[in-house]
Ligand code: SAH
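Encoded as structure tokens, the following chain is the form predicted alone, with no partner shown.
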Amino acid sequence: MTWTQHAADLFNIELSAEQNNQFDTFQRLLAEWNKKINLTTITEPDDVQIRHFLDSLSIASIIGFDDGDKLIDVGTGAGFPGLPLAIAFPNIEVTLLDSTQKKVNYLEAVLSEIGLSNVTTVHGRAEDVGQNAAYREQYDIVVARAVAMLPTLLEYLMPFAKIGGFCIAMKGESAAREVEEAKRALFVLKGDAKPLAEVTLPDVEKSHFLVTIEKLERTPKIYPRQAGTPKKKPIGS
């Protein structure tokens, strides 16, 4: 079974021939750029398709995407999960945010070659961009993978979400413990944690979980605090 068949079977995502070609181009460019800058330690083609592409698309298992929805991927790195979602759902608007200029340059090269028109890149730290009115509370869906522990991560993510929007953190086996540790942050940042969703990927033994937080009210203006503070002093620590 191909990874695209897995996408259809697991997450009900049907990809066109053009979308498959876009994923192929993405995979080739990831391998080429990975020789120049550190993007991923996952390099085998099958592993890339399962652990990066399918893993990213798993978000569609817990949330529907409506035409015109705005999504931001905070700390996107090599483009996961935001870029696969942008390819699979071309009618949503995706912003890829990263603090490393070299990674943003790589993302722009990928977007140019693939020809995606529904994606923009932003170079900056989440703490700074989250205080910018052009981005603050502008997104229906805010996602992140492998960025920080949840009490810190929520301070990065919540300011971007609209009231009624959702933040989705992709986590490993520590997910339940991190949600417990983030209770104070959830209260302060006006978020409500939904039940964890477990993701099972082909040939991957360790469990993956999606942590979903609904934004109930506006985020207090002092959050996110200045760059570095959320990591050094998480809310509730």
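From 1 onward, residues are counted along the sequence shown. As the structure is a computational prediction, the values presented were derived from the model and not from experiment.
There is also a form predicted together with S-adenosyl-L-homocysteine; it is not shown, and the following applies to it.
The stretch in contact with S-adenosyl-L-homocysteine in the predicted bound form, judged by heavy atoms within 4.5 Å, is 73-81, chosen from 88-96, 133-141, 73-81, 112-120. Proximity of Asn105 to S-adenosyl-L-homocysteine in the predicted bound form falls outside the 4.5 Å heavy atom cutoff. Proximity of Ala126 to S-adenosyl-L-homocysteine in the predicted bound form falls within the 4.5 Å heavy atom cutoff. Contact check for Ala146: a heavy atom falls within 4.5 Å of S-adenosyl-L-homocysteine in the predicted bound form.
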